[in-house]
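Below you'll find only one chain, the form predicted on its own, shown as structure tokens.
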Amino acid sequence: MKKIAIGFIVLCAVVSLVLVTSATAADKFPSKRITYKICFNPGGESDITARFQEAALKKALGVDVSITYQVGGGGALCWAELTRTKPDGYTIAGHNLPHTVVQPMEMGSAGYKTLDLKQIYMFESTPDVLFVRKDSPYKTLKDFVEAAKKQPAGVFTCGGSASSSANDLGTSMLNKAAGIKLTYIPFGGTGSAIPALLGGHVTALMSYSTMAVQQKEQFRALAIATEKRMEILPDLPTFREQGYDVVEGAYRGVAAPPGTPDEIVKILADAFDKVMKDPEVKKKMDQNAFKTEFMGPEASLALVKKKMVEYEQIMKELGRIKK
């Protein structure tokens, strides 16, 4: 009986120590520079957003924030590395839907699992937009589809940001809806996809609403993959308006390594919430056709789980995973 009592006391002491250590870690966090990893090339939506956030994020956290890049595998290299990183809150990474849902589903072994990424905050979304160059002969989506049907399968190419991405899925959806066969060409991010279209290396680009603002002098937007027109782009018709059922886009947020204490995640989430409500940050987001989202850890995780179900069905319908 005495041994049981001693064992219970020891157990209580261990539990108390763990709780005190966790509380102390959270109380002191952050006390040094935080590394904010971007999983794509500079110049894309993830990078642009991080740069919009940078000054306000440093102010909200009270420490320096270093934005770094780890490119490869359409983001998979960065996310896989994040799951092996020390879970102390000092290394976080931007992440994207559908990438982090579809990659493990389609690749089988992406180096990480969707739910390995601990959700901190989901701060934006951007719908797909189909672009051609401003000097392209295709003035409308109808022109583009009719021309694609006259070409041998695969001759028309469509660039985009990464495989297993919203751009990739949007291209597949357009192929199915329009009865055409565009060849999708993945790039390391929007930043590297833009020169490919400007240089005539691809016929078109499936990118995001942001490009309709940032590249309006060089690109012609043919359709946006939303249910209704975007307020900042009132003259850009939807795919549905033009007879093609294509609704797709990306959500972006930030995640931590698995095992990161909830107390630390909350501190980071509160900081991002403050940043995204900063008038200057919000103004820049709106002007560049980002749709600002305000989802904390629980709401972000709920969205991820919802999208896991939705994308599995979409991937099966497109024949990209087994039914």
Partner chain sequence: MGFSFDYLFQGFSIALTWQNLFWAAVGCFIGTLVGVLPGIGPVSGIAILLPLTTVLPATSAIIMMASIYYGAMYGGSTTAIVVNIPGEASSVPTAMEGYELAKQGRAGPALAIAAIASFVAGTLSVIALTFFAPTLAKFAVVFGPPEYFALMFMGLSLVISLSGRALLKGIISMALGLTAGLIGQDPLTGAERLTFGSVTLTVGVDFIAIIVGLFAISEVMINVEQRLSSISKMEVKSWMPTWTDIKQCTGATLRASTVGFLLGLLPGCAPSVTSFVAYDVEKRFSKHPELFSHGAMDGLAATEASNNATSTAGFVPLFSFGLPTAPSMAVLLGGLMMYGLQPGPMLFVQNPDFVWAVIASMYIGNVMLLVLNLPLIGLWVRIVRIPFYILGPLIVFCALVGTYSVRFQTFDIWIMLLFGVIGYFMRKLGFPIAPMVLASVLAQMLETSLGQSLLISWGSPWIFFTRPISLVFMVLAFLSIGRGVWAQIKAKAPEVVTDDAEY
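Numbering follows the first chain given and starts at 1. In this text the structure is predicted, and so the values were computed from the model without any measurement. Heads up, when I say rigid core I mean the largest set of C-alphas that superpose within 1.5 Å between the two forms.
Just so it is clear, the following notes concern the form predicted together with its partner chain, a form of the same protein that is not shown.
Residue 184 is the only one of 184, 244, 123, 131 with a heavy atom lying within 4.5 Å of its partner chain in the model of the complex.
Out of the listed residues 139, 149, 201, 228, 201 is the one that sits within 4.5 Å of its partner chain in the model of the complex by at least one heavy atom. Three-residue candidate spot 42, 70 and 213; every residue lies within 4.5 angstroms of its partner chain in the model of the complex by at least one non-hydrogen atom.
Remark: residue 274 does not count among the residues lining its partner chain in the model of the complex, judged by a heavy atom distance of 4.5 Å or less.
Residue contact check for residue 116: none of its heavy atoms lie within 4.5 Å of its partner chain in the model of the complex. Put simply, residue 48 is close to its partner chain in the model of the complex: some heavy atom of it is within 4.5 Å. Contact annotation: residue 106 falls within 4.5 Å of its partner chain in the model of the complex, judged by heavy atom distances. You can rule out all but one of 93-101, 244-252, 220-228, 149-157: in the model of the complex, only 149-157 has residues with a heavy atom within 4.5 Å of its partner chain.
Superposed on the core, the two forms differ at residue 186: its CA moves 2 Å or more between the shown form and the other one. After superposition on the rigid core, displacement of the C-alpha of residue 219 between the shown form and the other one amounts to 2 Å or more.
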